[in-house]
Ligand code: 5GP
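Before any questions on how it binds or moves, here is one chain, the form predicted on its own, in structure tokens.
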Amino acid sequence: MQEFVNKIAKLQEFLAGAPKRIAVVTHTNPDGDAIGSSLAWAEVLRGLGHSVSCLVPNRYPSFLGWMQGIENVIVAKEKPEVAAAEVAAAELVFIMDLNKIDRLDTLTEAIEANTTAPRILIDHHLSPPTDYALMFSHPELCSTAFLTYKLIEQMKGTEAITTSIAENLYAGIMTDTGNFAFSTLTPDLMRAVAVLLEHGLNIPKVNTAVYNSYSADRVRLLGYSLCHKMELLEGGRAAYLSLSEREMRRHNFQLGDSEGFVNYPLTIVGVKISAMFIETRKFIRVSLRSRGEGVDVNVFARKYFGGGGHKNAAGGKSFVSLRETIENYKKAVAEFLPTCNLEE
């Protein structure tokens, strides 16, 4: 705790003095935690008098479009010159919900080119590099949104939490815990949610906005995926789904439409690990989920797909065909599962 307090003091030093131009940057294919923590933190910084820009490499999913402040988020893929100019002018850069800036597509070059702005990390992923002026790296926490809450609590007090901050933080916490289904739940987290409720959070509103605002095409794609593309293997202990570019076009696929698909096989009795393979023009995107303590998909992702993440939620990439990727997954599961404690 003392180390955290010391880092807060260092953060306040970076923010002291004249108002600064600040860039808040989060990862490619931004999810609820990425957007929620970024928007909440940006609002706090603006409350301190700073000029803040939120930037993402590419478009966020439509089911996050309700979040207050999202209309001002700069999408680098759509406005590359504006994004580059904002990063170049920044006097301070916050990296949210990822720890390696080489995963920011076109924003990576812009951030690396700005050699004068200190970079501050706020993240909950494993194995961060050490090239930051200040690091709030807490893999033990469920989400970057919860970490952001703790920063606000320590630095400004919970009285600084507005209704919009409460809703944005809750959206990040909710989505990164699988709607409070993963093993990273703690009494401290639940106390934080209680505080958010005290500051205007409407849980049914946020839940409906995120989980009950899909298009008919997305619902049909889910049905198709579960009916035609879900496969079980290793005696029903593992599962996977896959979607080709052609299948996604047929269902009018929009960014974020496959969000959460990978979790559905875990509702089947006996399934310990689930994978989702999404074909893109350059590679196969791999999403991995597990339940319980026995199967660590962070280790699995690092070993077989050059990725990483958390014990129960991770991801990676494959640079061979979709068919080859699936075959590699089958072999990897056959090798990996016997090393796990499947009773946990």
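Please read all numbers here as calculations on a predicted model, not as lab measurements. A residue's number is simply how far along the shown sequence it sits, counting from 1.
Heads up, the form predicted in complex with guanosine-5'-monophosphate (5GP) isn't pictured, but that's what we're talking about next.
- Stretch-level contact check against guanosine-5'-monophosphate (5GP) in the predicted complex with heavy atoms at 4.5 Å: of 36-44, 313-321, 63-71, 50-58, the positive one is 313-321.
- Contact with guanosine-5'-monophosphate (5GP) in the predicted complex, judged by any heavy atom within 4.5 Å, is made by just one of K100, H199, K150, H138: K100.
- Interface membership of S287, defined by any non-hydrogen atom within 4.5 Å of guanosine-5'-monophosphate (5GP) in the predicted complex, is confirmed.
- Proximity of H125 to guanosine-5'-monophosphate (5GP) in the predicted complex: non-hydrogen atoms within 4.5 Å are present.
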